[in-house]
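Quick heads-up: it's one chain on its own, the form predicted alone, in structure tokens.
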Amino acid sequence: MQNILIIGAGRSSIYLIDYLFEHASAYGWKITVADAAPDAARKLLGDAVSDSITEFDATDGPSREKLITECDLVISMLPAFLHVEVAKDCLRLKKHLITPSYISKEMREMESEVKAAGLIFLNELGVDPGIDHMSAMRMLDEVRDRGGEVTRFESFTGGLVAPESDNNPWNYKFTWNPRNVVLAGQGGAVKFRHNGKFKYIPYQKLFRRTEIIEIPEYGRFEGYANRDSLNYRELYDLENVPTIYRGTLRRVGYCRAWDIFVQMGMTDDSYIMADSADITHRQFTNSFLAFNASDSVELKLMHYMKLDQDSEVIEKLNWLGIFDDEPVGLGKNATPAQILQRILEKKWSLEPEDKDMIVMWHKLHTLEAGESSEREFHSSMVVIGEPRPKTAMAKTVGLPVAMAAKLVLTGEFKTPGVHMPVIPELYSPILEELETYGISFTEKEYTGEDAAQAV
């Protein structure tokens, strides 16, 4: 009998937990689900796993240690900042660990001790990071295995609303953490490489520097640069590649409208608005505009942002209700970003029957052995979810984590250390099994005019 401890039973865990329980009897697994809100977890996960759920405070060191002592493998689905304390316990108590989150500096510093203890700490096993790594590395390794050279690499991922649930002019609804959407792109200039030159996009220009991408059967999207693409040069062995660019996908028109919030200052999270307790949507918008005794808030915004009255951007802003006299209803001590998030949540939240969609797209330019001209390859994945809680986001985050756990527990993957899924021993079996769950990539080579029309 092998004991699995899952810490955290939030909205990304349902596919993970269902998968492990479906395979538990065949592999001899005993599963414990520890969560701060056990009643909510039972409602989410159903009666079949009810007896395996226990109340748990992740910040309670002694309780955490007791649970980890009793298991063979820990899966942490906690917020990323809590993984480190769990990892320290796992290292001290000699337990394997899996998380879907980015490898932190503190986690990376445990590398030598993890190896010495013969332990496996797997990270970045969700969708992004996770499936993006695996699918990209499979393409890159295939090029290298046939003697080719990669000359350009681009990768985009987006969590969006599914076409059948897309019923607003933004073509967008929150499918994940709303705060991350509001704060997207902040924290320094976005960095990437283009045609051999290092490029930087400051936050105030980010949403006006977009790329149009066509996904077969799903139409046109726009992508904006995401994080620091330069970090992936070493990770993907692309140090000498002239162009490397990673980004986030939205439907066309979203970025231009979102840029209004950036330019107005509505996404700022660095200060408290003094009147936030009683402010209305309209007053919030007016807070960022100059005084004018005769012009309306709408007219002032149009003049300030140089927008035509009949522009699609104004349509989007009106639909969101930023000019309404409705109270924000958030309370005091709120930042502009928190107030904007509250306004957006009123319109962008998924309805009970809504479905979400994950879209991922890679583009490679290659120079094949013995050839003088480049080839262009596109690879795309689209996953349509079910109504909550079985969303596409939960599916693409939870299943790779569960499959990685199986690889560790069955001994199929046994290399100690702090890993992410960029090696064939991890990405090959996971991508192959994901296909049986409808998570697969469509790859195509584009040549001549086809390549020009594809993007």
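A residue's number is simply how far along the shown sequence it sits, counting from 1. Every value quoted in this text rests on a predicted model; they were computed, and no experiment measured them.
Keep in mind that the form predicted in complex with another copy of the chain is not shown, yet the notes after this line are about it.
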Output flag, Ile4, Phe56 and Ile120 jointly within 4.5 Å of another copy of the chain in the model of the complex, heavy atom basis: no
The unique member of Asn168, Gln263, Ser311, Asn231 whose heavy atoms fall within 4.5 Å of another copy of the chain in the model of the complex: Gln263
Single option in Arg92, Arg108, Lys199, Arg375 placed near another copy of the chain in the model of the complex, where near means a heavy atom within 4.5 Å: Lys199
Segment that reaches another copy of the chain in the model of the complex - one of 379-387, 93-101, 288-296, 176-184, heavy atoms within 4.5 Å: 288-296
Contact label in the model of the complex: Asn195 to another copy of the chain, heavy atom within 4.5 Å: yes
Non-hydrogen atom contact Ser349 with another copy of the chain in the model of the complex at 4.5 angstroms: no
Ala274, heavy atom within 4.5 angstroms of another copy of the chain in the model of the complex: yes
4.5 Å heavy atom contact, Glu345 and another copy of the chain in the model of the complex: no
